[in-house]
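Only one chain is shown below, in structure tokens, and it's the form predicted on its own.
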């Protein structure tokens, strides 16, 4: 039994490491992430980690890389996922030459911790993404409205984090006019609703009998977009992309980031 338990543990860890690598891969090779790790305000980095840990606990409950039975185990799995994310980020940043001999401990910690965020989310979601049966499927299926909102928030964070660090977000917002921003909001809402209720994707939400289109649109699509917008605002603030912006530029930058964040909220059930 002990040998079997040990084998299962290492299989879980291998799956978590693989999930961490898959989810963090684009950001590992994004130079803006390397720069952010050097100059990002350390209080913002600390706040981000503090905010991330409850998200990891919730993801462990709904879609963890192993079956959990209580809150304590979800907390442990969240911490393990974060450690796996740190280890994966440190390994590959060293292999890529981003972390070098002679760098200050502060710079190393900044680079590693920032990349550990998407990596740890990937570690938590490894079971689903790497083809294993979902361990906590019942919790996901029975999620109430508050649980649905949490799942949308996690999906929004996952996709927003993959684009928010880049300079492309600022450039796109700069090129847009106010009319472009309004059109993007409409398109984002349309794409979200089609993904969630119309396209027939695996895991999409079924509209309860007797529920009107507008009720579902308000309660899930619009609310999901609002969640994506708030996540975008927080991530952009963390990455210093709103510093020195005028109001219109800041709003347009949030609208641009809310496009992937909104899509992330819409496809969150597919990911989880």
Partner chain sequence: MWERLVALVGSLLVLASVVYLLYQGIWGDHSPPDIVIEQIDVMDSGAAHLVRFRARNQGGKTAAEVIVRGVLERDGEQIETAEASIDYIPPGSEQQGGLYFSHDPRQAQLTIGASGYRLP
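Nothing here was measured: the structure is a model prediction, and the numbers come from that model. Positions refer to the first chain, counted from 1.
Just so you know, the form predicted in complex with the partner chain exists too; it's not on screen, but the next bit is about it.
Residue 96 falls outside the set of residues with a heavy atom inside 4.5 Å of the partner chain in the predicted bound form.
Looking at residue 225, you'd find a heavy atom of it within 4.5 angstroms of the partner chain in the predicted bound form. Among residues of the shown chain, residue 21 is not one whose heavy atoms approach the partner chain to within 4.5 Å in the predicted bound form.
Heavy atoms of residue 263 never reach within 4.5 Å of the partner chain in the predicted bound form, leaving it off the interface. Taken together, 171, 175 and 243 are fully in contact with the partner chain in the predicted bound form: each brings a heavy atom within 4.5 Å. Residue 185 is the only one of 107, 79, 185, 86 with a heavy atom lying within 4.5 Å of the partner chain in the predicted bound form. Shown without its partner, this chain lists 149, 90, 194, 75 as candidates; in the predicted bound form, only 149 has a non-hydrogen atom within 4.5 angstroms of the partner chain.
Only one of 175-183, 96-104, 109-117, 154-162 places residue heavy atoms within 4.5 angstroms of the partner chain in the predicted bound form, namely 175-183. Contacts of stretch 11-49 with the partner chain in the predicted bound form, defined by any heavy atom lying within 4.5 Å, are made by none of its residues.
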